[in-house]
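Shown here is one chain on its own, the form predicted alone, set out as structure tokens.
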């Protein structure tokens, strides 16, 4: 148990609770704030969306997250806003009204989460863009209606708010003026600073990242455990560069990774990977270290970083060691991480000039799905031949797989369809997929070949044609 001090909507709250208990169960069962709905309990439906606000030098930064994947301990010193906290005493705000005007809500179960997620978009965007606003609802489903009415409502509210918002505005104050937010959010920074929040760490506690898998797989175990949260360590949440490397803190979220300019410069394939990683709500919680430590054979971030030959910074008891990510995975769910050791950071060297990087993901749905097979490549072509190659494939081995033999086969070979077909045969011998719910072994072999061809077509479109791989 730990003492938590937080701001819940417009009221300060002090409580003792299990740090690993889900915020969703606490809101509904203890606080009786039932506008936050319990749908899938896996972060995939958006019915439980809430706004989580964290103090910054300029006020409070908010993002929309799924309450079912938000441990209570994460609320220490933060502002939690539910749909009830977005209500206006004198009627609907413009977001709610726009949805009602288009006849979007029917039973009402899913729409509190949609309102919260859309509000979260307006809190973080520059000038409102209808396409990006609709994309921000990629983790919200509606069980009653089609989405055309919701899309029309989003387009209308974006047009209405565009004159009032810009990239340099004081966002909370402007949204209060526009009645998107109720007035109590203007006072939230002062109210939150008065709480003097206690992070509540315990000496023998387990460090938890975003919890997006842990709270789905082992919620009861997490609720009973002594835990602390990586988000409480500012040193784990930075993205920096030194003379040689990009350094990504272990507690950086996938959303932060996908939009950071230094990441885009050093890992050009990272924004595409991030866009295909779960939903906006999940990306706002999932962390870099969590995706790596979870050791899934189809972990998107592991597949990308392995292709870039990333290095881990592992910390324990004040000491640190470096380990190539390629040495981290020893077998299925078996990683080189000592008891008490954490992934503090990932170091990545930017690719050499002239290098092309690419990330591919094949899944049953384009968005909000786990890969059947994924892959990343770092390729360089000189004089119409492969001068350097690094290839990874997910879903074809017990671990995120580095295709060393296939990459070695490519180097020095001319960039031709014949070379690529021969390389695909090498890859087919190198991988060992199995039949599972994501697809048959035969399907995964075919998908791995197609991913290899896609990498080559992006790298040398002037030397290869799509027709050669049909």
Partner chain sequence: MRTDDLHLHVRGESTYVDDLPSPAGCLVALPVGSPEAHGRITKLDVGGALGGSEVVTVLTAADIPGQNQIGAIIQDEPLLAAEEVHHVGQPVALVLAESLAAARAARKQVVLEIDPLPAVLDPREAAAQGQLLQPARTFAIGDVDAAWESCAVVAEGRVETGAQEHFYLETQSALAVPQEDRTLLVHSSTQGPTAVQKAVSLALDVPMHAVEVDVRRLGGAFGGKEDQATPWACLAALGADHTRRPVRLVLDRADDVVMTGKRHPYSSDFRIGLDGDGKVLAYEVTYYQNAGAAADLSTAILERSLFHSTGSYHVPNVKATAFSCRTNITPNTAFRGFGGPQAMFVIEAALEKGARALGKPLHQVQRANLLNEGDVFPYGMHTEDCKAIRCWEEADAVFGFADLTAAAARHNAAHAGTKKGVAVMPVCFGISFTNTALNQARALVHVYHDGSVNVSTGAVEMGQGVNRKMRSIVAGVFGIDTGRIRLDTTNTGRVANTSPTAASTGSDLNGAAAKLAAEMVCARLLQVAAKKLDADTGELAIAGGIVVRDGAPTELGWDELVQAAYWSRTDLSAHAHFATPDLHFDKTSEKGRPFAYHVYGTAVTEVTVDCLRGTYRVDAVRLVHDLGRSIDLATDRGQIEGGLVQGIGWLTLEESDHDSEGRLRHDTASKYKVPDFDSVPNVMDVRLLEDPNGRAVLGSKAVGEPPFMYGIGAWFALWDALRAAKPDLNAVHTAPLTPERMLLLLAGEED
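Numbering follows the first chain given and starts at 1. Only a predicted model underlies this, so the values are computations on that prediction, with no experimental measurement involved.
Quick note: we don't show the form predicted in complex with the partner chain, though the next part is all about it.
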- Task: Decide if the three candidate residues 20, 52 and 345 all line the partner chain in the predicted bound form, where lining means a heavy atom within 4.5 Å.
- Result: no
- Is the gap between residue 106 and the partner chain in the predicted bound form 4.5 Å or less for some heavy atom pair? yes
- Task: Report yes if any heavy atom of residue 149 sits within 4.5 Å of a heavy atom of the partner chain in the predicted bound form; otherwise report no.
- Result: yes
- Evaluate residue 57 for contact with the partner chain in the predicted bound form, applying a 4.5 angstroms cut-off between non-hydrogen atoms, and reply yes or no. no
- Would you please decide whether residue 42 lies within 4.5 angstroms of the partner chain in the predicted bound form, comparing each non-hydrogen atom pair? yes
- Per-stretch contact check against the partner chain in the predicted bound form, the hit in 248-256, 327-335, 151-159, 349-357 (non-hydrogen atom, 4.5 angstroms): 151-159
- Item | the partner chain: the contacting residue among 320, 92, 187, 224 in the predicted bound form [heavy atom, 4.5 Å] | 92
- Since exactly one of 241, 143, 316, 127 fits, which has a heavy atom within 4.5 Å of the partner chain in the predicted bound form? 143
- Item | Residues within 4.5 Å of the partner chain in the predicted bound form, restricted to 436-461 and counted by heavy atom | 436, 437, 438, 439, 440, 442, 443, 446, 447, 450, 453, 454, 457
